[in-house]
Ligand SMILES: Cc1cc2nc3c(=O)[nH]c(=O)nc-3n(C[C@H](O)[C@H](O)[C@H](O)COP(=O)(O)OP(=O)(O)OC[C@H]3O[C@@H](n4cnc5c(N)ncnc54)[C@H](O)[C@@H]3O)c2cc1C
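This document opens with one chain alone, in structure tokens, the form predicted alone.
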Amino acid sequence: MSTISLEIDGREITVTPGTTILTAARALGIRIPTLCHVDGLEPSASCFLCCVQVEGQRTLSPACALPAADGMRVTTDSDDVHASRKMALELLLSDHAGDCVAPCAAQCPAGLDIPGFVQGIAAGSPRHAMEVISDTLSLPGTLGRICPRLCEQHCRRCDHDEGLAIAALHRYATDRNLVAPRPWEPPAPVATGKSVAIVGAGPAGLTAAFYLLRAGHACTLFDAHPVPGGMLRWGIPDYRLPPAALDAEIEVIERLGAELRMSTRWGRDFTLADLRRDHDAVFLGIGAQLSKGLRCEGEELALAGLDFLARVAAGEPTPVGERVIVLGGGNTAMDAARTAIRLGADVRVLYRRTRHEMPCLMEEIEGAEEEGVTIEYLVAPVRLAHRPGSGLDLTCRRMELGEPDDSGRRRPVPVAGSELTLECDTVIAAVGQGVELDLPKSEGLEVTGWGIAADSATLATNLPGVFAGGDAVLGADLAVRAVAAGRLAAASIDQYLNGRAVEGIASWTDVAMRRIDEGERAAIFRGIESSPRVPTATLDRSERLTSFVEIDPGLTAEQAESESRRCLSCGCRKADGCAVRNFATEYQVDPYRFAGDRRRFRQDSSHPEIFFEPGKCIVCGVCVEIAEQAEERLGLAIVGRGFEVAVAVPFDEPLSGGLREVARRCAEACPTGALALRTARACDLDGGRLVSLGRSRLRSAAGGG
């Protein structure tokens, strides 16, 4: 026969004998996924991702190796085919020894590419670092000062010496960029003609504006306060976050075109209906502005922690007397205590649980104690009353810890007969914040026990074109989560304004190594010198107590470069181009479905051009064939049997001996991060040319490949 006619997905095609189903489908524009196939190489049919269903056959067949036959009817995507492909991917990932993204980045609520921006600093380019940071994180200088640094707690160096100073590094990049002769700023957008109303100029609202403006949409921010910043300005003292640092980042957003309408309150100066009429979409980032009461007799005599901090931030006279008691154990309580002591008061903090359960940062507790704040634990208020003459009497009760409550912390239980009365001039209540819900409800928005009801994937509310995020949805939470919500809202609103399906930010299916044993830990840190975190100076205690000058001066250029070089470049070099990760995301696989024993992490860095991580190899054979076609003297071979099968250089020779001519080709063809170029993590700093950071600096940790 000179030609063969067949049907693929109901479409007829005529091909020459010997044509595979994969080639025929491509000729029709039908996409069949494959991992192990490379044009010009013999098909290996090892991954089985290209499986298809042939009518009349009970089993599925690999399209890359299946020759077309006359009259054949092929289905390339059915429930059975989809399920088979998904299982094939899950089986491959069950034996995968590597991380798609660095452990630090995986824990960042904003999804910051931490190794990427840190390497910009290591290469001496804060400007490049800012470009990387701004892709996913707004207000990096502000967050570098106040973020609780969830990322640093998961830095892989914590298992070796000390975690990387990630927040200090993105603060450094921001501060340096702001004073640079040619500071980096987002390019001017092309206007779309669409407008968005943003209620709240706090971290969520400012971030939403930052990314919406970059997409070309006009943004008007409405805020009840006279100056933008929200809780960043009114709830965080100047000694932690100087107003000038916040203003500098807000000015960037203004230069992008943001219109600010300050001292304008929802419910008094405008309604949600007004905004929906005048704008194409609305984002509600109103925060959690309501201070919770003490829930005891006389609670109205206490000064709310947020109100106290806001008055001090606004420069209003705030007399507190000589003796101040702060009730609470969160960051607001610590901020209030350390602010009161700067006003000359003797300050005691009372907390109803123990030090271990305090939700604030440990460094805030230590800083408060260093400044002279006394903290007493297992004490709760019972009654607050005016003391005859002047001042207040706070009656308290001793507590003990019982069983865990809904928060997972042990519940404080009163100790019978343990009441005591404390004399003071001012009581500051910092026991939590809530969201104003009556106004949203009155405008037709659905609410929850925490805040405005919004879809977690898109932040869309029940009203078309209205989105909400940050503390307004979650209740009082971290500023970095509010920033993450602002970017998510911007993505969803952009989709809505462009008439696309509103799906939010696409998430990847990522693999993380689990149960790292001692042998793997040794392999990870082999060749990594112990290098403690760069020490930073803080303002002397005597200077702290007499002013609101920023405590932490930040990193010097020398410190930032030294600290950035400690980064292990964790995460896969080929994560963005990894075919396994791409298909795992497309087929929504569970990478841990078949979790069990897996290969151990190992990295071969002996080759001058490439890295080899056997734990990521899927034994597709592509590199073996490339080396064979190039007639490498030794090349590569598939060795072992069963679960021990692997790709290796024959005769236990080093990788540099097996791949002398085609190492780069093999790395570029590898469908995973098993073979990767050394320069894959270098920074593009010189007119589009990849500038290597050097072999020692590119040495990666687990999964770094």
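Residue indices: 1-based, along the sequence shown. Because the structure is predicted, anything quoted here is derived from the model rather than measured.
What follows is about the form predicted in complex with the ligand, which we do not show.
This chain is drawn without the ligand; in the predicted bound form, the residue among 627, 146, 97, 373 with a heavy atom within 4.5 Å of it is 146. The contact residue chosen from 387, 265, 73, 593 relative to the ligand in the predicted bound form is 265, the criterion being a non-hydrogen atom within 4.5 angstroms.
When contacts are judged by a 4.5 Å heavy atom cut-off, residue 480 counts as touching the ligand in the predicted bound form. The ligand in the predicted bound form is approached by residue 222, whose closest heavy atom lies within 4.5 angstroms of it.
By the criterion of a heavy atom within 4.5 Å, residue 493 is excluded from the residues contacting the ligand in the predicted bound form. The shortest heavy atom separation between residue 331 and the ligand in the predicted bound form is within 4.5 Å. Residues with any non-hydrogen atom within 4.5 angstroms of the ligand in the predicted bound form fall in just one of 80-88, 222-230, 545-553, 445-453: 222-230. Taking the ligand as it sits in the predicted bound form, the stretch 265-301 comes within 4.5 angstroms of it through a non-hydrogen atom at 265, 266, 285, 286, 287, 288, 289.
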